[in-house]
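We begin with a single chain expressed as structure tokens, specifically the form predicted on its own.
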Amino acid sequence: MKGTLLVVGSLNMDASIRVARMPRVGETILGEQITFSPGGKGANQAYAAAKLGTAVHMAGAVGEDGFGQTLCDHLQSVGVDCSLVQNVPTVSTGSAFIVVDQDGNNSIIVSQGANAACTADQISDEVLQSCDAVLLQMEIPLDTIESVVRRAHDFGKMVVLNPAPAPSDLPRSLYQGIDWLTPNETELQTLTGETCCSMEDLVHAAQKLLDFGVQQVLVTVGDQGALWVNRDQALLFPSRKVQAVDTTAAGDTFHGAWLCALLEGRSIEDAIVFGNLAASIAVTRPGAQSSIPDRAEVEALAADAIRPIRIR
């Protein structure tokens, strides 16, 4: 039986340009034609989960401009309920400016815009009680995140925080309301102050987050896959090897797919494998939401699933 996911996060219009290599400081280089596409970490994750079959509610904020309506229309095209997305008349819709090099690596600058106006007041207790899991990221105000985490935890909901972008000073009380914390390698180091040069270092840093009060830590480690750490074990889930074109929404695709599988009742191991397979498809395509695969594409790769390796 499928559960319902509430995503509280950002909605951005992405402006992407491809270059042969990243520019150096003070350097001007030529790039290809700029493209605009729906993005924002919250919207990307909501889109991925819904496209793969989850019932999703999106809470966030956009400006009363063409970009805001386009973003909501695109989410609704895969069934996302956008009734909790607020229109803010005095600011522009959030934007992200993405530079992608020939190896598929990216650098991103985000302008918060209306995302800074996302408040916990948009989300009633009734909405929180009706969902099974709440997924948040950090492109919206911290006080909004803290309030939603606390209330969702009090209602006994599964709370997932993707700490991107990661601050170095998250309140310790916030960790105690989180069931799953899902940083990438860089975000893990920022949150813990640890230097991570090996898989054992990553495990050690993840265990520090457990000591802060988090129940489970799931670290996305690029083309190495995903590392799941709790107090009993540390398992590395290797990713399927592909030729990357654009890694912009790989982590967001992973989150949407992994939670989709969890909310369907799959085991944690099977859900992480499903997330890896979905992300492996997304990196072979340009763009953010435009790169996210559908259910049939992911299921077709079932034979390519790689089982986890025990690290500890």
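Only a predicted model underlies this, so the values are computations on that prediction, with no experimental measurement involved. Numbers for residues come from their place in the sequence shown, where the first is 1.
Heads up, the form predicted together with a small molecule isn't pictured, but that's what we're talking about next.
- The single contact residue among V203, V110, V100, L235, judged by any heavy atom lying within 4.5 Å of the small molecule in the predicted bound form, is V110.
- Out of the listed residues A96, M138, V88, M158, A96 is the one that sits within 4.5 Å of the small molecule in the predicted bound form by at least one heavy atom.
- Screening 263-271, 33-41, 49-57, 65-73 for residues having heavy atoms within 4.5 Å of the small molecule in the predicted bound form returns a single hit, 33-41.
- The closest non-hydrogen atom of I292 lies beyond 4.5 Å of the small molecule in the predicted bound form.
- When the small molecule is considered in the predicted bound form, A249 lines it closely, a heavy atom lying within 4.5 Å.
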